[in-house]
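Taking the form predicted alone, here's one chain by itself in structure tokens.
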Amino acid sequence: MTRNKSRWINISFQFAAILLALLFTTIILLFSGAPPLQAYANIINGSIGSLKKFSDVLVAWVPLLLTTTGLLVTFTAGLWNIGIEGQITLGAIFTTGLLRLFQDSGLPPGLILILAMLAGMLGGALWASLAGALKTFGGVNEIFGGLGLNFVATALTLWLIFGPWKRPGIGSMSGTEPFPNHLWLPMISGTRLSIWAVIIGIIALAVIYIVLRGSYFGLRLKAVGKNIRSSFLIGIPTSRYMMSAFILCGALAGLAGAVQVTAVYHRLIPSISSGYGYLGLLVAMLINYKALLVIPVSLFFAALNIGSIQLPIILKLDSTLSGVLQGALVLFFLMMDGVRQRVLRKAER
């Protein structure tokens, strides 16, 4: 089979997956008694209908970009880092703790924010190292270990909000006391968007792309992910590389948590991770772990999340419809990829 023909087969199956996902979501809308075209129009308008709405999309895009970028590392090593939700949360907790410690120290705000970002990365890396140690040295599947640590991280957040860090005189689900404005990442006037957060996300992706594509570490990490036994037999320290993948992914997840605190909520709230860890898993699977596709696909998913906020207001639909479309996209892409591989194998015979 010619390379050009194989390419067109790939594109055809990807296009078919998108059509099937839209068809599936349309059927659900029809069963709900909602006009599909109007629902889709509201999602589009809610995400790119104005500059402010699009800036809100970018606000949601940055933490999703960071988590997906981190997951590229663990997926490359053949690991399912389900615990990334907890790692985002611990990053937010460490960031909040440092800001509380230094907010009245007299240090320059810029320095405090840098330290807060580093603290967030440290928190995420430490929490990821627990999942890594359970997997590498304890033989605990990283899916189960990660899920357990997610619950612990959530419980720790609630304890801090209603315990040691509660607002003066009250414990509130709205979170801890907001930090003063000088400890926020600078935002574009009239929006909630911090250009510094966007820069941080893009730099993180560029670094991981270079590490995975053009470094000795990345080459060995791919070998571990492809065949851990063979990698061990040829002398690669597989345990060290698996732990490194967890720690690096956790650091980026913790950085996402730090961005949530310093650029979005300006305090610690109960659901600080906002589900970006699980959503990042969907994005990573959808792009088949290709770093160059992280930016457009994660931006599309963030737009769906923000655009769907219009649905309860206008059509009285639940905003989780975007999650149905996101999940359907991943499901049908995986299904069509399996069919595509069968077709290509038959064509080569």
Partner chain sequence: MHVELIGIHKYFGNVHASDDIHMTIPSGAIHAILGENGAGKSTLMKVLSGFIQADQGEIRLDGKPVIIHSPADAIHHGIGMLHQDPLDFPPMKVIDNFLVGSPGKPIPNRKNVIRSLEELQKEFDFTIDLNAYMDTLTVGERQQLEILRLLWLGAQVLILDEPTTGISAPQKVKLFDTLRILAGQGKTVIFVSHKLEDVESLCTKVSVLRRGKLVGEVEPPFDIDELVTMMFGKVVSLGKRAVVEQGQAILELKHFSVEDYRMRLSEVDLQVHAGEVIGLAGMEGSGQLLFLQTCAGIHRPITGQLMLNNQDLTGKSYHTFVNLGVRYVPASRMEEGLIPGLSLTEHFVLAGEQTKPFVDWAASEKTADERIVEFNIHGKPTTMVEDLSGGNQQRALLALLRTPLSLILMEHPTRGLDVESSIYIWSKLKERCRQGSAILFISADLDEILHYSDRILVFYSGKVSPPLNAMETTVDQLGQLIGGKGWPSTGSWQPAEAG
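Just so we're clear, the structure is a prediction, and the values are computed from it rather than from any experiment. Residue numbers count along the first chain shown, from 1.
Although it is not shown, the form predicted in complex with its partner chain is what the next lines describe.
This chain is displayed without its partner chain, yet in the model of the complex the stretch 212 to 220 from 244 to 252, 87 to 95, 110 to 118, 212 to 220 comes within 4.5 Å of it by heavy atoms.
At least one heavy atom of G235 is located within 4.5 Å of its partner chain in the model of the complex. Heavy atoms of K226 reach within 4.5 Å of its partner chain in the model of the complex, making it an interface residue. Taking non-hydrogen atoms only, Q103 never approaches its partner chain to within 4.5 angstroms in the model of the complex. The shortest heavy atom separation between S231 and its partner chain in the model of the complex is within 4.5 Å.
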